[in-house]
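Take a look at this one chain, the form predicted alone, written out in structure tokens.
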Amino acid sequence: MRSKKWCLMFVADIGVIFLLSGMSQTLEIRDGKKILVYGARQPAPNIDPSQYYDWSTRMLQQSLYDALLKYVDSPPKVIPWLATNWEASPDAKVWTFHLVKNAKFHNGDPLTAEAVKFSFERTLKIKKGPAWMLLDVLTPEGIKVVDDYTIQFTLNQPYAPFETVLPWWYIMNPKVVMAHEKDGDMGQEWMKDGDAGSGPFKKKRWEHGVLYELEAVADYWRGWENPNHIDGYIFKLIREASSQRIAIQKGECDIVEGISPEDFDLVAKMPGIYVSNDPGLTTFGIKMNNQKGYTKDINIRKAICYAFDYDSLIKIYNGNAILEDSPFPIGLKGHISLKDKIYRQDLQKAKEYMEKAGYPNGGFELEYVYVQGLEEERKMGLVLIDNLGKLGIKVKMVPLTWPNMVARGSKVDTSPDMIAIFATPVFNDPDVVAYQYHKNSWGKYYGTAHYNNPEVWKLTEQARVIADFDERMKYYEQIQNMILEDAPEVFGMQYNRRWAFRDYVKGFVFCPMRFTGEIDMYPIYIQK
């Protein structure tokens, strides 16, 4: 068989043949299958849409599953997907969705309103994954099948952002899920690695700690816009950022995420590679334990906020970031600028707050927990050491794996003094960020500060039931001002989202609603 000079991995039943020629890779094509390799550092231990989500899990979930609606583009917008159209009652309490009639699951079963009902009920009953988004407003009793292709949700209270939440509530095949039920677990154990979806890709090869391979569904119900669409992709785990850079450089990977800012700048100058660069909604903050230890004192928290060198964050990202000017990210619907009130480095003010706290000379140590192996967060810790040292505060840097960080931050008693958190709003509405500061978010990674302000909680609860957005904004303006005044965290920056691609990879569409390293593989195609 004649080989073609594509820097793309082609996979065949009898293996992969690599032929190297200089700095490029020439691959022999077997069966004509275009299998893209995505190099990433974070594994996906659980892909059950009702149990779990983070960026790596969601990237695989959105390949395997479909939702009623979908986020696309930047600025983000919601478009019909499994639903063709929908209506809401004037008070935003009753929502009716009309489904496409040609969608089918990977095993050929039709996707009907019964599957939608089952999927929402399952997630609500398990109370994990995205359940928190709707637990306050939707119960299983409020979900009604009108007919095979019409589903109606009657909320227990009005909730204007309802439609903006739905892109992350994936629809599962009830027959497949319940065929693997054990002891009333609704198939949870099997679904950690199972595939009960209708999405553009289906599961092929699963090697935890090594790779996850998905193959394209040839007769995907929605079709494929480009005839050169990929036939599948391998989500390959590469633990070190430097190894990811080498992999994209040598053509061993076709896309990589999460390499250092310096390496992004480096590979962007190399032939055969391009780097995307889009403003994101993901924020970086150093969340402080608001209920335990020294950081329980608002004066200590404000001293830290005024001591921090914010410009260093921009330097760490080589200018590919902007500083936050509010607790709500710039670009999110409902954001207001508080640039005249936001904390910036002022050592004199920092020392004044230290004196108010009763520690004019410091004399204590604070723990800073960050993701092991994430160089940017390590550098941020070094900045903290330098800045807080001027107040007489020592900083102990503690690297942990992400799951261990989440576990530590889940309880007041174990949550560290300071913890580095990247948070991405999962839907385009101010409620999603306001709710991060509600008591119901304690235990989640974005709630590790255990922020305690009943007035903010009350305003958040009141705002989310109002249908008129202009009226809601009056509440969100108060919420942003009150959170900023309480200084629950160091409000840091929003960094540009970047990926490195081999130049034959086309079709990438950026959407800031997706998590840090997550991209939608459905529109990706190969241009020779």
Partner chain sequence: MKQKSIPMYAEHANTSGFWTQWKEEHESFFRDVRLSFYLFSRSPLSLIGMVLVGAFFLIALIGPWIVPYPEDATGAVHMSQKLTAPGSQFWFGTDEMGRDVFTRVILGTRVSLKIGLIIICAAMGIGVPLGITAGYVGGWVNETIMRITDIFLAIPGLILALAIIGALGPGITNSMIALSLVWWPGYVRLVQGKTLSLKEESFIEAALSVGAGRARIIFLHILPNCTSPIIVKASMDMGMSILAAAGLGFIGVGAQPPAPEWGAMISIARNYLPNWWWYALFPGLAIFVTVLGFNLLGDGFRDILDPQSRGYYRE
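Residue numbers count along the first chain shown, from 1. Between two forms, the rigid core is the largest collection of C-alphas that superpose within 1.5 Å. Being a predicted model, the structure only gives us computed values, none of them experimental.
The same protein has a further form, the form predicted together with its partner chain, not shown here; the description that follows concerns it.
Tell me, out of Asn107, Gln291, Ser242, Asn226, which residue has a non-hydrogen atom within 4.5 angstroms of its partner chain in the model of the complex.
Contact with its partner chain in the model of the complex is made by Ser242 alone.
Pick from His335, Lys117, Lys379, His438: which residue has any heavy atom within 4.5 angstroms of its partner chain in the model of the complex?
It is Lys379 that has a heavy atom within 4.5 Å of the partner.
Only one of 450-458, 90-98, 365-373, 140-148 has heavy atoms within 4.5 Å of its partner chain in the model of the complex; I'd like to know which.
Of the options given, it is 365-373.
Is there a non-hydrogen atom of Pro399 within 4.5 angstroms of a non-hydrogen atom of its partner chain in the model of the complex?
Yes, Pro399 is a contact residue.
4.5 angstroms heavy atom contact with its partner chain in the model of the complex for Thr414
Output for Thr414 is no: heavy atoms all beyond 4.5 Å of its partner chain.
Taking any heavy atom pair closer than or equal to 4.5 Å as contact, tell me whether Ile385 reaches its partner chain in the model of the complex.
Because a heavy atom of Ile385 falls inside 4.5 Å of its partner chain in the model of the complex, the answer is yes.
My question is simply whether Asp73 lines the interface with its partner chain in the model of the complex - judged by any non-hydrogen atom within 4.5 Å.
Residue-level check for Asp73: no, no contact with its partner chain.
Check, residue by residue, if Asp263, Leu266 and Ile316 all come within 4.5 Å of its partner chain in the model of the complex, counting heavy atoms only.
Looking in the model of the complex, the three residues Asp263, Leu266 and Ile316 all sit within 4.5 Å of its partner chain (heavy atoms).
After fitting the core, Leu374 CA displacement of 2 Å or more between the shown form and the other one
Shift of 2 Å or more: yes.
Align on the rigid core first; then say whether the Cα of Val275 has moved by at least 2 Å between the shown form and the other one.
Moves: no, less than 2 Å.
CA of Pro399, rigid core aligned, shift of 2 Å or more between the shown form and the other one:
Yes; Pro399 is a residue whose C-alpha shifts (by 2 Å or more) between the shown form and the other one when the cores are overlaid.
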